[in-house]
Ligand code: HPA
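This document starts with one chain, in the form predicted on its own, laid out as structure tokens.
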């Protein structure tokens, strides 16, 4: 069997229908090594690690996607269309836009506002509103509540720019957008177009309100509650 994409060394059948998508490939490695059994590494192309194993007997994959809409747009599209993934859950980090959201809190992205031009490919005459798949969202919230994990459901902002000199976050804060991240909107659009399920679960790693922040090592290895939720949902 040949490799179907230039970004992934896997062949069809190597990747499970259910997949977790951390932006950081080292977080993918951490999840695979700490939560999955019978793990096989199927990809190291561009150091974007991908693994398949089992969680409680069910086949599950985990694949790094990199940072930003363009990167997750490529990986999620190929995972859906070339590898048959049907449940895709982003497990990442976000910056808080609201005072009540503290470092370590979990946000379920019910919707994803964005300043990207990703939706232009669909040639809409209006503005498309990317949203999560209800069945994944419902299960995730239900499980998080059963475990006592502090969580909030609502809107996030998928930003195309990490270092933005114009400081646009105040307007999004006023509209009760919960947090900023860089991937959910593209994932939701790719999933909607392909009629598969997607959900973004993010953990607050810094705050644009209090200016608190964490280290890269903490972001890679410490936000395990969202990982557990994602694995239970898929």
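No experiment lies behind these values; they were computed from the predicted model shown. Positions refer to the first chain, counted from 1.
Beyond what is shown, the protein has a form predicted together with hypoxanthine; the following relates to that form.
- A residue is said to contact a partner when one of its heavy atoms sits within 4.5 Å of a partner heavy atom; residue 130 fails this definition for hypoxanthine in the predicted bound form, lying far away.
- Proximity of residue 140 to hypoxanthine in the predicted bound form: non-hydrogen atoms within 4.5 Å are absent; the residue sits far from the partner.
- Hypoxanthine in the predicted bound form is approached by residue 208, whose closest heavy atom lies within 4.5 angstroms of it.
- The shortest heavy atom separation between residue 93 and hypoxanthine in the predicted bound form is within 4.5 Å.
- The partner is absent here; in the predicted bound form, the one residue of 191, 60, 182, 31 having a heavy atom within 4.5 Å of hypoxanthine is 182.
- For hypoxanthine in the predicted bound form, the listed stretch (73-81, 132-140, 93-101, 115-123) containing residues with heavy atoms inside 4.5 Å is 93-101.
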